[in-house]
Ligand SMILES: Nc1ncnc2c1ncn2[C@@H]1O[C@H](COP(=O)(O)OP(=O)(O)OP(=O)(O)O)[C@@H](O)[C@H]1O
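Heads up, the chain below is alone and in the form predicted on its own; it's given as structure tokens.
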Amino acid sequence: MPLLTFASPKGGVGKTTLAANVASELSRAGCRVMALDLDPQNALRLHFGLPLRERAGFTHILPQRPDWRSCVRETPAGIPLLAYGAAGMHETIALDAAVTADPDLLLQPLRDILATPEIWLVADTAPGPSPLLEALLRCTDLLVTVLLTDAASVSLIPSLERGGMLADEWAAQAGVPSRFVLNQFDPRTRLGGVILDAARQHLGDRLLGVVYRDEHVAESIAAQKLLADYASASKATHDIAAIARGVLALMRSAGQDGPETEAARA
């Protein structure tokens, strides 16, 4: 079933937050969702309510060829998770080297998971290029690159038009559909409007959605709750729900049948 991959050219853009909350909205729409954390920050678990002391994981022990089924953690949010796990710098570097030498360390369990009927796998990746992301794109059905509404994003837009956007470029080479999300948009600032206009002009229908700057997002993270559970009526909640509907529409058009729920058709 579908693999949805979240990536970003740099850190601090809200990629993990969006991955967690889009997974939540897909689940609410009737999809059977599982989350996979490929980011050494090991932060996806916190969005799903697992405690800080939780150190167990899946990704960081890939060289040991673990059975993914034994590594799945049920979460208070109700979304099963394959966490990255607690890993130090040397362990992370060694994992990158191992996956570079043998991509099947990641691809074999991925193919097994995706062969499971009805599972929608949502993967969060480390910022920028990585061997894990390069391997992951071989199985990805849709790549979502998250950009922040800031001055740095303005400088990136010309490279977006040329297709030279790291993961986006790799996705094009692999024939993987790619979309973009603009995060933390503030219409009250002049720069925000300039960035949004430029993104719409250069990306067209590849701009999957825009998420407004909303204080409820940071508050939900601090509370270790998904946004829809913390502030169901917030602007950002509605924006992320719209992105999830866009994902469902893209997957249905590509022949990946999603649930025909009222939320999915809206």
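Keep in mind that this is a model prediction, so the values were computed, not measured. Don't overthink the numbering: it's just position in the shown sequence, from 1.
Not on display, but discussed next: the form predicted together with the named molecule.
- Taking a 4.5 Å heavy atom cutoff to the named molecule in the model of the complex, the contact residue among 207, 50, 231, 221 is 221.
- When you look in the model of the complex, the only residue of 131, 177, 127, 85 with a non-hydrogen atom within 4.5 Å of the named molecule is 127.
- Segments offered: 53-61, 66-74, 195-203, 213-221. Contacting the named molecule in the model of the complex at heavy atom distances within 4.5 Å is 213-221.
- Within 4.5 Å of some heavy atom of the named molecule in the model of the complex lies at least one heavy atom of residue 13.
- Residue 184 belongs to the set of residues with a heavy atom inside 4.5 Å of the named molecule in the model of the complex.
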